[in-house]
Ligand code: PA5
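Take a look at this single chain, the form predicted alone, given in structure tokens.
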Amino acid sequence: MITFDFVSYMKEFSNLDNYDSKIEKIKYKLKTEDMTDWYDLNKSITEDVINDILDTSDYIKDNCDVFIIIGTGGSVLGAKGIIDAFKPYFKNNNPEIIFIGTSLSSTYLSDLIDYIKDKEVIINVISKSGTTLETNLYFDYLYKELTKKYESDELNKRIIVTTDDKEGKLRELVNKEGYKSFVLPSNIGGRYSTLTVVGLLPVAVFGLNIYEFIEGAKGLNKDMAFSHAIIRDALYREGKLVESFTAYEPKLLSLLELAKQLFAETQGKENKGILPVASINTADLHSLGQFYQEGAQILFETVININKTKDIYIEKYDKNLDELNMMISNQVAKSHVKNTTYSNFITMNELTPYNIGQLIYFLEISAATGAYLLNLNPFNQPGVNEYKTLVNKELLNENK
């Protein structure tokens, strides 16, 4: 169960009823416009695809030591966020799951090749177009390494491709070599793809029940997501330009990274939007906390808490650590309000797949709704495409 508190540490608004007609129009857009199949969970993930995911994940678990997911942005952030949230701090999963494609570090790639040389490996490369630079580079490099390690028949069992169903470089490779493939839904963008095969295959390999994530999303009271979007928009129009997604459990950091991408790419256009940042407390209370408390009044927080994790009792305070965390988070919010640093609170009773599925769906709806409130297209990213164009042009010039 998740609870939402958008009142206790928030200013009073007198005009939120003005949003009612706008939200009704946005609900219609989310059901009818292009790139919105993620909003209908029956479209984003079907029973046939779930069965395919489960069969494939069983094969992966039985046939490799290391499962490598190659992608960038939304292709990996959701699955990584989920797995990091449930992974023990000091124990690797079997098979070990590694996400790559989010940097161009030669040291990382060299160390990775050395690390997997004596291990059995399966790769899942994820890209709709097959042209993303980082994904392409890492996949091509590892693909060549695996061709040295495995005969073609065995290699065929160790490449999984998630891409467009009809076209693109990776679809051509699948058609040529017959590799196992999944379809990246055409009417869903990468950052909204966590609750599709993109996010759920790695999660199934990790060993979590993917049905629980889907059921959690379906159990969301969507009005809470719309309320979050309304409050964000109202604060933005009063000069709040930065939102800190704050957690008191370090395991949630990768999920905060997903939130950053969702809101930044969805709303950061046409010189509009709130800058999303991530903060992990209590560590950041001793650095960023000073700014939040007494710095420029441009910021508000969305705090994501877990009410109950492990029962670690602290005799000195007659509380367990979870109780201390919750107490601190509330006192911090109470203190921040004095500098008009307002806080929304999202609290999970426990860290469960059901609750995380609900949280991800909540963030997706809020992000898209916020873009519509700014009269923006929630699903494009022209700024990202611009730098990609310049990079590709430079590479072509250098190769002439």
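From 1 onward, residues are counted along the sequence shown. Quick caveat: nothing in here was measured; it's all calculated off a predicted structure.
Here the subject shifts to the form predicted together with 5-phosphoarabinonic acid, a form of this protein not shown in this document.
- Highlighted residues 81, 202 and 364: none comes within 4.5 Å of 5-phosphoarabinonic acid in the predicted complex, counting any heavy atom.
- Not displayed here, 5-phosphoarabinonic acid is approached by residue 72 to within 4.5 Å at the level of heavy atoms in the predicted complex.
- Though the partner is left out of this view, residue 232 does not reach within 4.5 Å of 5-phosphoarabinonic acid in the predicted complex, counting heavy atoms only.
- Residue 388 belongs to the set of residues with a heavy atom inside 4.5 Å of 5-phosphoarabinonic acid in the predicted complex.
- Not displayed here, 5-phosphoarabinonic acid is approached by residue 128 to within 4.5 Å at the level of heavy atoms in the predicted complex.
- Residue in contact with 5-phosphoarabinonic acid in the predicted complex (any heavy atom within 4.5 Å), chosen from 95, 276, 216, 190: 190.
- Residue-level contacts in the predicted complex: of 307, 330, 261, 227, one residue has a heavy atom within 4.5 Å of 5-phosphoarabinonic acid, and it is 261.
- Proximity to 5-phosphoarabinonic acid in the predicted complex, taken as heavy atoms within 4.5 Å, picks out 73-81 from the listed stretches 206-214, 116-124, 298-306, 73-81.
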